[in-house]
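Take a look at this single chain in structure tokens; it is the form predicted alone.
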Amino acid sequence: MILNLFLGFNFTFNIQYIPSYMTFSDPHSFARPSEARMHHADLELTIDFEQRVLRGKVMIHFTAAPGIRRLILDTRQLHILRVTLDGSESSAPFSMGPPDEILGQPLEIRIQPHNKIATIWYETSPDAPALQWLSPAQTAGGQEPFLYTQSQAILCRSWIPVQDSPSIRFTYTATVRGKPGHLVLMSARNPQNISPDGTYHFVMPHPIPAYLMALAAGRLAFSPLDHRTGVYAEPEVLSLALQDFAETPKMLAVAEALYGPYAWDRYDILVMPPAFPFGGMENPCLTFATPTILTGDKSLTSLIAHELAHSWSGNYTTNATWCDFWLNEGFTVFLERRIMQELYGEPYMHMLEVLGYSDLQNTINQLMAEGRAAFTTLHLPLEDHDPDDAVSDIAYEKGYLFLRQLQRMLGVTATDQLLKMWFERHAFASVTTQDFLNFFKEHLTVDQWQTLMPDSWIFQPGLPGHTAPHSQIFEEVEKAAQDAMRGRFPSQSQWISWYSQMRQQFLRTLAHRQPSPEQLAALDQHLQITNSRNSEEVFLWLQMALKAGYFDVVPKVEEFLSTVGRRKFVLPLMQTLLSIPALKEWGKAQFLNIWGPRYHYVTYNSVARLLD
């Protein structure tokens, strides 16, 4: 069904598939889509770096059920200035509900049966959790401020009044006025050159959920990788990014061959400033990527395969609520590793499996020890919880293992074909775990369904019967770790020749053997691990060194936590610092006074909970 035409693009909404989410409410949204549901947004914003706010309006196009007299939107720390309906100059009545610590506040607009558009004039708060305002000193170039958003999971409502549920999809257009000399980008079709007056226009012709709304603005440059992929970055890091992301076009071609045509026109990557809290964010058309994967040797670019895979799993077919987060991430890890397997071979994929499995086991053990066994299920009990509290390896790695069991049963080709059918059936739609169960039960025999044990995987804690991954490549690494405990270290040439995943496994294996500070000092002098450019390896090394009492790495810890805001690294390192009596107060003071103010809201709050 054609909803609108803008700048020559068709806005389409899939109405062939009626998913099960239509029958219930999202526990993380005030919206009542069964009453009134948005389907398009026209956004006009001005970026004010001095006041650290966005100002403007959004026109929400909606459809209401017969007899309904209200439209409910999600907000958080927004200043709602005025509301009108259907272009009228008269203000419409609205009210703000009581604030909720997790959900924010509902904005309830009184409507009449004929109303179709609600226009909301508003301003964001300077401390809106979705908005990260960076000073020039916090950027790679150190010359201009930078702004970016992080809407996942339920933070879009802090910069746009919207129905902020992954079950509600909408198309959008946007006009954004930025600082002259800045490039402004969104999760849409993007400009490649700087606008002289700082004004940019955007179109997203496909329906997306609110968590995929994204905005970035700053001193940026663009360079293509091929005719439909490219890289945005600060000029200082652009050449390194182009080098590390050079195989992105191959990844895209492999993904299309496996799971069908890429639906989003272009696939571009924006290299974020160091404060970015995640490895990547799969915004349609424009992946946000952490600079911590830039190594100069392409060794960490499986993250790009992961974010690219989200173009099918997550962006194209989306979890309807955050309780079903595994439908996004478990599928995406599976697709990521299939892409890497096709590009680099099965042994390479097995290395990724083993590393992921190790993380999963650690997560399960920790959650069990904390009395949070319920959070080791795939379908998560997130009612009354912030969705960010449950982000862990469970959705990613346990979800992956479940699909890997399916692949072992059906074979590689048959599983790829079945997943392709899953995406085609649920194109531009949001799905629940029940939709998954219905679809896959339909396509498996009774014996296959029973062998798969879906209820045990999805609804029970821990790991059911499964085949643990194994990597023959890692056998060499594990022997090297044994030798290192005896003072026989890998040669520098051998260390450099290894894949990064091999070096990571060496450090993990060595950590389990609990080396002494003296052994780590000798190893560091031999291989200079503290000075590595590879953030994954440096993180593992610092964790091991601190726990072993090799405190010569403390200056490196200070440098690392001053320049890296990725939660995956920051949270465990802070947990380790706080567990060491000699470093606890120092680490706490550094976080509160120096490191923390540089972090994104998501990372900051995760650490703040440790400090109570």
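Counting begins at 1, following the sequence as shown. Just so we're clear, the structure is a prediction, and the values are computed from it rather than from any experiment.
Keep in mind that the form predicted in complex with a small molecule is not shown, yet the notes after this line are about it.
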Tell me, please, which stretch of 115-123, 414-422, 275-283, 186-194 lies within 4.5 angstroms of the small molecule in the predicted complex when heavy atoms are compared?
275-283
For A373, is any heavy atom within 4.5 Å of the small molecule in the predicted complex, or not?
no
Does any heavy atom of L303 come within 4.5 Å of a heavy atom of the small molecule in the predicted complex?
yes
Looking at the partner-bound form in the predicted complex, is Y357 within 4.5 Å of the small molecule by any heavy atom?
no
Non-hydrogen atom contact S167 with the small molecule in the predicted complex at 4.5 angstroms:
no
Heavy atom within 4.5 Å of the small molecule in the predicted complex - the one residue of V538, V391, L220, L252 that qualifies
V391
Contact residue in the predicted complex, from L523, A128, A395, A153 (heavy atom within 4.5 Å of the small molecule):
A153
Does every residue of H310, F325 and R566 put a non-hydrogen atom within 4.5 angstroms of the small molecule in the predicted complex?
yes
